[in-house]
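Okay, here we've got a single chain as structure tokens, the form predicted on its own, with questions on binding and movement later.
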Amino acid sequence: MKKSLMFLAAAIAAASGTFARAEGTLAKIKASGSITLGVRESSGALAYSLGDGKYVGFHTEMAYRIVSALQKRLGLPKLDVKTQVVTSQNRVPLVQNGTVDLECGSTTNNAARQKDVAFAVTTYVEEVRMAVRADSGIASIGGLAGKTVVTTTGTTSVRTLRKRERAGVGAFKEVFGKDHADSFLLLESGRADAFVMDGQILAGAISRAKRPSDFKIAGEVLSVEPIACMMRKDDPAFKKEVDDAIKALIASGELAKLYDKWFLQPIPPAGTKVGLPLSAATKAAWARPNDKPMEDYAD
């Protein structure tokens, strides 16, 4: 019986994905009167949970603005917004199979993922760095030799770490957190010497630490990565509507206001500031909206 139920669930998920591809996401949304957003629990100020089913952050609030634009374009008096928590490991499959219609978390747009999903225009350009204890003496990637380094399973930082290790910075032990909060806990508890991840995620985690002054972001930029909303592949009509909604937010100045709200002002639950000014790379992405993968950002 258990195997039959599992098979039925898989068949339903597959059928949902087939419907989404055949009819298009806009048709699916209009017919159902609902849209499912992929949300994150601990992706720094971009997307995180306050508990009790409440999800907030720069990209999360932006996603709700996109939904409002879609509702108007489709002429719907009401559009029900459902949320589905995704992780670094399952976010791509859940978009592919139709469970999630739009994921606006902290997903890097890269060439490998573009084979499976589509990306909206870039709304945040990330720099991958490392967080260490302030008294660790680790000042660069070269200081990680013989150390324990944590990153989050399913993220591009895993590949970045291994690439650096192969480049001869010295062998280090890799450990993996199930999500970003778990990864920072490994650093905070002393079970890891460094946490390699997106700079804004590191800054957000440090700001929420029991003793923020105990930690710092150190070393060189390990990679530059465009972060964008993710959706199903081969659905140009839906992608155009999402892109147009984002471009309108940029042109009106609303996206800049959202950035200020989530990165430069006190944010819940503790009322701390992430304190990351808008970068030149993100400003450039807004000035010339595009969906280029991270490989195009390489030197």
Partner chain sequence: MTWRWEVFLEDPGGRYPTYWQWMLSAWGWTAAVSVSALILALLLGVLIGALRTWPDGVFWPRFAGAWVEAFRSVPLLVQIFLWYHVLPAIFPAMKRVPGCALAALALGFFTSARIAEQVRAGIQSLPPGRRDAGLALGLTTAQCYRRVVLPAALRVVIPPLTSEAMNVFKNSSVAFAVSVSELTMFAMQAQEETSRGVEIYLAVTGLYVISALAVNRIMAAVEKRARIPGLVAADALAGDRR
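Rigid core (definition): largest C-alpha set, two forms, superposition within 1.5 Å. Numbering follows the first chain given and starts at 1. Quick caveat, the model's predicted, so the values are computed rather than measured.
We do not show the form predicted in complex with its partner chain, though everything after this point is about it.
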Might K78 be said to contact its partner chain in the predicted complex, defining contact as any heavy atom within 4.5 Å? no
Is S136 near its partner chain? Define near as a heavy atom within 4.5 Å, in the predicted complex. no
If you check in the predicted complex, is G142 within 4.5 Å of its partner chain, heavy atoms only? no
Find out whether any non-hydrogen atom of T155 is located within 4.5 angstroms of its partner chain in the predicted complex, and reply yes or no. yes
Have a look at 200-208, 67-75, 213-221, 105-113 and name the one stretch with heavy atoms inside 4.5 Å of its partner chain in the predicted complex. 105-113
Interface check vs its partner chain in the predicted complex: of V121, L186, A118, V125, the one with a heavy atom inside 4.5 Å is L186
Each of Q89, F176 and R191 within 4.5 Å of its partner chain in the predicted complex, by any heavy atom, yes or no? yes
Once you overlay the rigid core, does the Cα of G190 travel 2 Å or further between the shown form and the other one? yes
Flag for V149, CA shift 2 Å or larger between the shown form and the other one after aligning core: yes
